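Heads up, the chain below is alone and in the form predicted on its own; it's given as structure tokens.
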Amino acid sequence: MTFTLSRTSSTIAVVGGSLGGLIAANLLCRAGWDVHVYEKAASDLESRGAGLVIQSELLAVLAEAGVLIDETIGVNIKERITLLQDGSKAGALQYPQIYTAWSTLYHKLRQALPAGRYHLNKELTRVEQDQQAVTLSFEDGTEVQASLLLAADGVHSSVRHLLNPTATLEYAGYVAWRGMVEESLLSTRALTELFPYIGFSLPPHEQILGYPVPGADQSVCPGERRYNFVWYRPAPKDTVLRDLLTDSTGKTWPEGIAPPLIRPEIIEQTRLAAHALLPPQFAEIVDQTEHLFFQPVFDLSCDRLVSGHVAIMGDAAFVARPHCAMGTTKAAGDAKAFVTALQNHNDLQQALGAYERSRLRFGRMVTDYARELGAYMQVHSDALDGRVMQGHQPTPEAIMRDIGVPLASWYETI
């Protein structure tokens, strides 16, 4: 039995109100669809997240989603550098890019979405569907019926399990320490030798990178910005990782520990390690970061993105390691492909089939790309499918060339 989609009578529910879900909802609204977003958090997410790279593909989709692209979108950086442990420069590369804060994009996307379309405190508990509709049940006892469900509920997606019950997160063997520090707190040395660049450093089997992003109230004014960093460190699963994920009560959180639950001694050990392993400029960044936290790095791939009236996108579908800086860009591409498929096909099955075919291949490409970039930080690693990134080694030249660049730049080399 076919189901015909209609902008005048079909409704679309988006589960997950982070960046991917907001991009999808804004695109759908502007294409004339009746769409509502359901976010499980009880309050706005503006304080969450860290920094990200605005790839050219993401910039184009954001503009289409109604985001005003002006100087407040992020910080323009023209050059990449790598620092040695003593703080001297090991290399430099001209590579213009825009870097922004997660909260900046969230704020702009929320502003672009029409009022009354974003619903907080809606934790999904059950999904049921028949040939005509999908019914969403929430923890607060409410139910919503829609013609179509698009799940953008992230790494720990509850909807993904319905489509891909065997798809599970695979730990990559290392963690990502993250944080931001106010520009105004930094020394003259850090401000002149690190802050104006995307900076890298390569301790053995580790990597740290950082870049400036907008500050409070999305300010990009000098003196009001922040410096965002990610520090990748090996952590064998059954020893180091288990200790990192254990709170002060002895409880272990296997899929990730909330930042306030990280034990103070773990934070202190990390700050000491920064001074022992990192260039002084980066060690200062870590020291000055008030809210230091970490996340285990995972891989995940799905072999299905649709089932009946349900589709998944973003991190709900594929989880790629952060090295390729493609998380938000991939989610934006998923959202764009989803809307395009609906525009090109009136039949639901044909539309979702077209969406799935286009994004399965791309999702696999991104996860492969990210695995290659992070392989040298794993305690044990093998080349994926026998493919090794041509010329890619953990050297300053290779890291500056390959980390956080558009996906096509990688695939041109294999």
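Predicted, not measured: the structure shown is a model, and the values here were computed from it. Start at 1 and count along the sequence shown; that's the residue number.
Another form, the form predicted in complex with a small molecule, is not on view; read the next lines as being about it.
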**Asked** Of the listed stretches (275 to 283, 169 to 177, 192 to 200, 320 to 328), which one has a non-hydrogen atom within 4.5 Å of the small molecule in the predicted bound form?
**Response** 320 to 328
**The single option of 221, 155, 216, 84 touching the small molecule in the predicted bound form, heavy atom within 4.5 Å** = 155
**Item:** Interface residue in the predicted bound form among 351, 366, 52, 61, criterion: non-hydrogen atom within 4.5 angstroms of the small molecule
**Value:** 52
**Request:** Verify the contact flag for residue 99: yes if a non-hydrogen atom of it lies within 4.5 Å of a non-hydrogen atom of the small molecule in the predicted bound form, no if not.
**Result:** no
**Request:** Considering only heavy atoms, tell me if residue 371 and the small molecule come within 4.5 Å of each other in the predicted bound form.
**Result:** no
**Prompt:** Quick one: does residue 36 come within 4.5 Å of the small molecule in the predicted bound form, counting heavy atoms only?
**Reply:** no
**Asked** So in the predicted bound form, does any heavy atom of residue 13 sit within 4.5 Å of the small molecule?
**Response** no
**Request:** May I ask whether 57, 108 and 333 all come within 4.5 angstroms of the small molecule in the predicted bound form, judged by heavy atoms?
**Result:** no
